[in-house]
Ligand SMILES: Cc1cc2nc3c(=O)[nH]c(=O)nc-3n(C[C@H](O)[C@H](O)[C@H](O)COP(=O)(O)OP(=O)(O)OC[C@H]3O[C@@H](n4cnc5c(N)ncnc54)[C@H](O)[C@@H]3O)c2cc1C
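Coming up is one lone chain in C-alpha cells, specifically the form predicted on its own.
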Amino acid sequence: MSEQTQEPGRSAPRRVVVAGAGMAGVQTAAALREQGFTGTVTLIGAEPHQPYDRPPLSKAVLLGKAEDSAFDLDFEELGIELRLGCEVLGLRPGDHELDTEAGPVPYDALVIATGAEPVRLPGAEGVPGVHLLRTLDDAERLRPVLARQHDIVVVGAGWIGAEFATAAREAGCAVTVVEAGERPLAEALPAEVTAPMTAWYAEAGVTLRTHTRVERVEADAVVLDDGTRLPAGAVVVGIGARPATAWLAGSGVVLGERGEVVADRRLTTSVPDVYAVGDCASFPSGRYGERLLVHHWDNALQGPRTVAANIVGGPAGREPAVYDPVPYFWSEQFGRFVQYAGHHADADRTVWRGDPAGAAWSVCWLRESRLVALLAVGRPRDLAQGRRLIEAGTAMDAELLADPARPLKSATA
C-alpha cells in the first residue's frame, strides 16, 4: 500500500481526533502534547468511565484490591477534550468527519485506536451467568461472583483464561478450564513450550479439560460435546479477541483478513490523514519480514509515539517515523511471571535455559544464530537482556546460551 504522512516542514493539522480511549488512544493524545502539538485534541471513548488501563482488571480490580485503574493523566491540564460514553459509528473521509452517537466530529487528522473486542461463545449470548472480561464493567460484575466462591467454568486456556483462573482460585472458587485445542496457549506458543505450563493448572487446583468443546450453556451448568455436564455458578469466556473495526465498513479504510486496519510502517492507513494504532491495526515488520497484528499492552504503549511524530511532522529533511518494534508482553498466572519478547515464527533453533519443571526457566529462539524471540518464566533478567539482544540482531553461541547460570548477554557468538 502507498504511504502517506505529515510532510516534514509543513504545519501540523489543527484538529486531531482520536477514536478510542484505551491505552493506544490515551497514549496517542498524550504523545501529541509531549511532541509539541498545539492544536485541538479530542479523545472519544465508547465507555462512560474515565479512561483506564486494562491489565489490572484480571488482577487487582477483579479481586477487589483496587476500585479502578484510571490513567494518572490530567486531561484538562493537557488540553485534551474527552468525549466519553460516545460510540463511533462510521467514517466519511471525503468530508473529513467521524460519525458518532452524538453527531459528526470534524477532523484534520484522525487516529483509529478502537482496540479489540472479545469473541463471544456461540449460543451463550443472553444466558444468565455468562461473562466476558474486557472492560471495567465486566470486572465489576465478576467481582461479587468470585466473592461468593461459585463453581466457575472458564472457556479458553489462553492468556486471559489462565489469568482469570488464577484470580478465581485465589478467591477460593472451584475452577474448571475447558479448551477446544490440545493444550493451553495452542495458538501462541509451540507444543514443547506449553507442555510444562499444562502442569501449572493441576498444581493450582484447577481442572483443565483439553480437546473439549462447549455444546451449550444452561442456567447453572455447561454441557460439553461429550455429554459431560459441569456445574457452573458462572461461566467466563476467554476465546480470543478481534479488532473492533466493524464501524469502518464502507469508509474506504482497507481491512485485513483478520478484520484489522491495514497500516503501513508509519502507521498510516489507506485513507489520507487517517492513522491506526494498537490492537485494531496490523503493520509490516521489517525486522521479521511479515505483517504483525499484536494484541498486547506494550504495542498500544509504543505505537502512539510513531503516530504522534508523523502527525506533528518536523523540520525539513527529517525522515518520517517508522514503527518496527520487538513485540513484548507479560502474564501473571498460577504464581508465575511469564514474559515474552520477539516473534518466533521463523526461528530455526530452540534453546532452553533451565529446567521447565522448575520455578524459573527460559526458552530462546534463534534464526541463523541471531536471537529473534525469548520466553522467560521467573527470569526477568533474561527477558531484559534478551530484548536488547533481539533489537540489536545479535548472533548468539547456542552452547553458551543453554547455560542458565550464565548471563544471557555474555552468550554472544
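The first residue of the sequence shown is number 1, and the count goes up from there. None of these values were measured; they are calculated from a predicted model.
Keep in mind that the form predicted in complex with this ligand is missing from the display, and what follows is about it.
Contact check for A46: a non-hydrogen atom falls within 4.5 Å of this ligand in the predicted complex. In the predicted complex, none of the heavy atoms of G303 sits within 4.5 Å of a heavy atom of this ligand. Although the partner is absent here, L110 sits far enough away that none of its heavy atoms falls within 4.5 Å of this ligand in the predicted complex. Among heavy atoms of E218, none comes within 4.5 Å of this ligand in the predicted complex. Note that among 184 to 192, 142 to 150, 157 to 165, 318 to 326, the stretch whose heavy atoms approach this ligand to within 4.5 Å in the predicted complex is 157 to 165. Proximity to this ligand in the predicted complex, defined as a heavy atom within 4.5 Å, holds among D95, E81, D137, E87 only for E87.
Taking a 4.5 Å heavy atom cutoff to this ligand in the predicted complex, the contact residue among H131, R266, R336, H295 is H295. Although this ligand is not shown here, in the predicted complex the stretch 53 to 91 places heavy atoms of R54, P55, L57, S58, K59, C86, E87, V88 within 4.5 Å of it, in sequence order.
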